[in-house]
Every structure is written in C-alpha cells, then in structure tokens.
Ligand code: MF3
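In structure tokens, the next block holds one chain alone, the form predicted alone.
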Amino acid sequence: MIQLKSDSEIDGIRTSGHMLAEMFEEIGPQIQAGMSTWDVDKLFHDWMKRHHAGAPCVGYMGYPAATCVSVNDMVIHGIPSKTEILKDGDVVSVDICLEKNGFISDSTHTYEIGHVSPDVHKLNIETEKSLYLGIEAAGKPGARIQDIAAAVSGHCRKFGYGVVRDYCGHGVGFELHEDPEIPNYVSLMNPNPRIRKGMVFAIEPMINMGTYRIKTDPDGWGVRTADGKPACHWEHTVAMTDSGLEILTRI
C-alpha cells in the first residue's frame, strides 16, 4: 500500500535528504585510488555519526555496513571490504540511506576513479542523465510510474545499454523500502499508479554497459552484470508536493 506523506512528514524526509546531499558533497571528493571500499564506507559512516544521523542499512536483513559500495561490474549491494582496493580507471557507486529523526532518504552517486575509459565515462554520464529524465517525467501533470520507466529506458537503450529489470526504485521515508516499486523498464505486467501529492519515492536507474542480466555473488548481496561489463547507478529521493515534484536529496 502506498503511504501518502503529510507536509510535515515530507519536511522531515527533506531534512534527512538535505543531510544526505551535504554528506555526498563533502565526502565524495575524498574517494580516490588506493582506498579500500571499507575506507569509503567508514568515511560516510563516521560523517553520519558526527552529525547524529542514523545508518539504517546496518543490520537491514543482515547487511553488515552503512553503505553499499559497488565497483565496476558490481551493479548494487557491494559489501565494503578491506581487501577491495580502488584503482585508476575504476567506476564506483555509493548507495546510502540516511535516517534523521525517524525519517529516511536514499541516494546513490557513481564516482570515476582517476582516468576512466571514454566508454565508461559515457555510461556514467548517460545513466545520470536518465535519472533526471525520469524525474522530469514524474513531475509532468497526470504522470504515472511507468512514465518514469519509459523515460529512463528510452534514453539508455539508444546507446545499447542494458536496463536492469530485477531491481528497481521504491517508496521511501518511513522505511528503507516502501510501495510503490519504481521499475526502470516498461511492462504491461508492472503496476502503473498515478503519481499523487504526498508520494515520496526513490528513482534509481541501474544501467549496464552490456546485457541487462545480472547474477548474485555467493555472499547473497553483491549483484553483478552477467557479462562482467561495467555498470552505473544514480538515485534521488523525490516527493510530490503542492508545488510539484521536488528532489529531496539535492541541496
């Protein structure tokens, strides 16, 4: 069931989202070659602790870290590790949920480490662009959820990219994952509710350079591209308000 949020509840999620945006702005530039993915997680988790914010990913269904740090062919849910070292040419997505005063926001940024290949850079640029095209579609009068999917997939498929189908965006605010699901591909099998005032959800294109198919690591968390090619992931939490669609995880 979709939970419509009141203005005061959206304000609480907005506060959480702005903190998350501030954290990315401060910590993101510190990510560099030679760091482990565990180091990356610690930078963000320490920031949350200093600012008295919660890390709701810790312990969620047994997940062991505050962030998901996914490198190269890891699409999502990469568990931070002291032995996985970032190197020049890597692409790494950092997916974070932040809780403040009981309200949760969710956002993902993908970082290029040093000098990436032109193909990887283009994948990252176009994935981020598809996120904003999805947000633009969601904000149009009378928009439905699959309008987001059409905008994201329509853009990415122009470049021959694979649009991940097994995972999707979602409602957020009170819990990490709420209704509705926000797929990035169009299907008659998917629900297609109209976007209404009070809806708060995360739009998150997960785009692969090759096939859309994925496989799961033995740890049960890490999700990789089936063909080993790179993936990129971008995400914002948005809310439909009286003034229109607002990006809550951007300052």
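Computed from a predicted model, the values in this text were never measured in an experiment. In case it trips you up, residue 1 is the first one in the sequence shown, and so on.
Beyond the structure shown, there is the form predicted in complex with the ligand, which is absent from this document and is the topic of what follows.
- Of the heavy atoms in Val200, none are within 4.5 Å of the ligand in the predicted complex.
- When contacts are judged by a 4.5 Å heavy atom cut-off, Lys129 does not count as touching the ligand in the predicted complex.
- By the criterion of a heavy atom within 4.5 Å, Trp221 is counted among the residues contacting the ligand in the predicted complex.
- Taking the partner from elsewhere, Glu235 is found to have a heavy atom lying within 4.5 Å of the ligand in the predicted complex.
- The stretch in contact with the ligand in the predicted complex, judged by heavy atoms within 4.5 Å, is 56 to 64, chosen from 37 to 45, 56 to 64, 210 to 218, 187 to 195.
- Against the ligand in the predicted complex, the set His77, His170 and Glu204 is in full contact: each member has a heavy atom within 4.5 Å.
- Think of it this way: in the predicted complex, the ligand has a heavy atom of just one of Lys140, Lys122, His177, Arg165 within 4.5 Å, and the residue is His177.
- Only one of Ala151, Ile145, Val92, Cys97 comes within 4.5 Å of the ligand in the predicted complex through a heavy atom, and that residue is Cys97.
- Although the ligand is not shown here, in the predicted complex the stretch 104 to 123 places heavy atoms of just one residue, Asp106, within 4.5 Å of it.
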